Each structure stands twice: as structure tokens, then as C-alpha cells.
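Here we start with a single chain on its own, the form predicted alone, put down as C-alpha cells.
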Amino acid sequence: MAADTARPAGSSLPVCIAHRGDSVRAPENTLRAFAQALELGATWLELDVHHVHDRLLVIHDETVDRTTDGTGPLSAHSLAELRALDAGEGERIPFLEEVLELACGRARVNVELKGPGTAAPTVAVLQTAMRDGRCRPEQVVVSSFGWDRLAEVRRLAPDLPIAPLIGKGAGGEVIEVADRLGAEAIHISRWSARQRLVNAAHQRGLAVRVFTVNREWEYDLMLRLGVDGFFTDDPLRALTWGAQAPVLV
């Protein structure tokens, strides 16, 4: 696969990916968080989706307790009840389509598949956005810790960019999986970011993006390792590290 398409030609700077939007200053995974990240100059957004009542909700947890004024599992609520919850500062849990409407053409969108049954509905929503001309394939990437979900995405949409996620203790298996899936990148924990792994991925033509980098010394380390992108909760600060300028997608 080609190198990271959102990285400026000739630049050694990794791209800054707003993790759940500007989640330091706004409620995570809300339209406000994503809009603020775009206003700051972020050209990548990351979000999480769960499939509930035949819709894709942008929320990280499978329960609403942590991020809304509600309680209990997503599945215990009707869609109307979920949409009526306060996700912070009056924000609502958005649908994936709403975030795409906001961001497509302005930023690349990383959709992380969190819950079961998310692969096919996500492909359907993304393909509809592409048919409507709102998004191009290169403006999205689908990631997941559930590699079987990515295999389903690949089967349903051979040209859709995908990236397997792996946490602490990542090894060469993630590269093998990425190769097998025809992925464009691997997304790894900062605790797993080692020079050997980064080099091996680059030798296979895979971009390396690291989560979650919230301190400047962590960014400096990622810069030395030569990673292609990093996820951060604080895009305002992160965009200033290394005098990093916004990158057009």
C-alpha cells in the first residue's frame, strides 16, 4: 500500500488526528468536539461507532453511563431515548451520517468499529456518502481491534482503506494481519511503538499511526521513530508541537 496520503510531500512530520474530536475542551464524540477540532485546523478526526437499532451511533462505550446523563447499556434504550440523552453541554449522541456531513471534504475521518455488527452498516453508510459525492474513499479509514470486522469490511468494500488496531505489546502479527487484509496502515499503542516495528511496517508500505499521544515528550519520541500519524485528545496543543502546520487532505 502507499504511504500515508495525508502526509505532506517531503515532510517528516506525522499527521495530528483529533481523538474523538477536540475531546479535551468539548464532550467527546459529539458534533461540537468535531467542529472545534476542525476549527483548530485538524485535518483528521477519529470517532467510534456502535450499531444500535439499525443505526450507527458515534459513542465509545457500550453503555451510556460515562459520557451521558443516562445509565445502562445502549441496547437497553430506544433510539429516541438515546438521542434525548445529554452527552455533555447539551450535545447529543450523533449518528455517523451527521459527522460525515460535517467533516467530509474538510478532514479525513477514521471510523473505529467498536461493537458487534458494525462492519456492514458502516460500509453501507460510507458507500452512500461516496455515491452522494460527500466523501471520497481516500477521505476515510476504518479501524478496529476486531480484525474479523475488518475482514468483513474488506470483503464488502475491497477499495475502502482499513487499519487494524492493536494495544500494548504489539508485535509483528499486526503487520501480517495488515498485509493479509490489504490494509493501508497499522494503528498501535504508544507503548508498542518501537523502531523495529515502525521500520518493518514501512518496509511493507504500511503507514504507522500511534494512540494516544497527549504529551510533548511523547510526540518527540514519535517524531524520532518516524511514525506517520498520532492520535491526541488535545489537538490545539498538538498542532503546535514541532511548529506543525495544518495539512490539507
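The shown structure was predicted, so the numbers you read here are calculated from the model rather than taken from an experiment. Numbering starts at 1 and runs along the sequence shown.
The discussion below concerns the form predicted in complex with ligand G3P, not included here.
By the 4.5 Å heavy atom rule, the three marked residues H50, F95 and T122 all fail to count as contacting ligand G3P in the model of the complex. With the partner omitted from this view, the residue of R204, R215, R55, H60 that lies near ligand G3P in the model of the complex is H60 [heavy atom within 4.5 Å]. Of the residues L165, L74, A107, V99, just one reaches ligand G3P in the model of the complex with a heavy atom at 4.5 Å or closer; this is L165. Considering ligand G3P in the model of the complex, the lone stretch of 153-161, 168-176, 76-84, 109-117 in range is 109-117 [heavy atom distance within 4.5 Å]. Although the partner is absent here, F211 is a contact residue: one of its heavy atoms lies within 4.5 angstroms of ligand G3P in the model of the complex. Though the partner is left out of this view, W241 does not reach within 4.5 Å of ligand G3P in the model of the complex, counting heavy atoms only. Of all the residues from 89-108, none has a non-hydrogen atom no more than 4.5 Å from ligand G3P in the model of the complex.
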